[in-house]
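Consider the single chain below, provided in structure tokens and representing the form predicted on its own.
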Amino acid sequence: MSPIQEPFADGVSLAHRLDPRGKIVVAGLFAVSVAVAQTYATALAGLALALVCLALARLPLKKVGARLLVVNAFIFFLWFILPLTYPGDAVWQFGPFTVSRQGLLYTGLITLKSNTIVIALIALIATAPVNTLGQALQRLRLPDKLCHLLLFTYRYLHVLELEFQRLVQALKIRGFHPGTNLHTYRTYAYLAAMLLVHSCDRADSVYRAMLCRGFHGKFYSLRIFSWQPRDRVFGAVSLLALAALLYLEWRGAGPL
């Protein structure tokens, strides 16, 4: 069984060597700061900071671009909705449809902020393995159940995928051909139900096995997180950069 691919987790760059606890905190604060921004000045400054983090991570740009392409595939549909529905000054009109200037600016701001946040998360969060992130979240005093949920999801997601593929293969052997009919919808409903039942059975067996091995609700790790000088410098510079973003937003002339 092949594990979930983590193409950005391996590396020797500065972003890879930073303490994951600090990266999680900085990434969270940065994402919130950019998400609530209402001016292009703040969003563009955030994009510049995200690109700096991406340069520090030294990630393959082609793979990063592929992730951004997926994100922008969803944002693409906003360009057909918001400019037509957002009230404001008309810049183009075709029959009953009116494109507003404010709608275009608002959609552009959403696009800019979304790409900025994704780039920053790739550079800071994706450069650490998932199991390391789970341990770091636990050290940051997040609830143990949430950390366990993340770790177990990472560990068994590919197991569920293999189970799904096995069920689909069984359907094909029995001559199932999907179509737009009631039989197809009923079959897919049975497939989802069987996957849920098998997942519950697997979860119960795993839990019983863990109890037999002395599990009592807490994971222990031999890894020790320690703050290095580079982590202190990264934290100080990040706080200054976040303060600059807040200052830009405060000095902004208002929305858009």
Partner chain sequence: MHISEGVLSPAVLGGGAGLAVMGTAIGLKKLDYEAIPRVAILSAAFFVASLIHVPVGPVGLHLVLNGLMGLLLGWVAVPAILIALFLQALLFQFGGLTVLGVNTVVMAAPAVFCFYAYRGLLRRPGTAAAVGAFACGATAILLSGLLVAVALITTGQSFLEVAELVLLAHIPIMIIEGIITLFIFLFFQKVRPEMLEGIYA
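Positions refer to the first chain, counted from 1. No experiment lies behind these values; they were computed from the predicted model shown.
Although not depicted, the form predicted in complex with its partner chain is the subject of the following passage.
Proximity of Thr39 to its partner chain in the predicted bound form falls outside the 4.5 Å heavy atom cutoff. Interface membership of Lys145, defined by any non-hydrogen atom within 4.5 Å of its partner chain in the predicted bound form, is confirmed.
By the criterion of a heavy atom within 4.5 Å, Gly217 is counted among the residues contacting its partner chain in the predicted bound form. In the predicted bound form, its partner chain stays beyond 4.5 Å of every heavy atom belonging to Phe97. Between 226 to 234, 195 to 203, 52 to 60, 39 to 47, the stretch whose residues reach within 4.5 angstroms of its partner chain in the predicted bound form through a non-hydrogen atom is 195 to 203. Using a 4.5 Å heavy atom cutoff, Val32, Glu161 and Leu191 all lie near its partner chain in the predicted bound form.
Contacts between stretch 233 to 248 and its partner chain, counted in the predicted bound form as any heavy atom lying within 4.5 Å, involve no residue at all.
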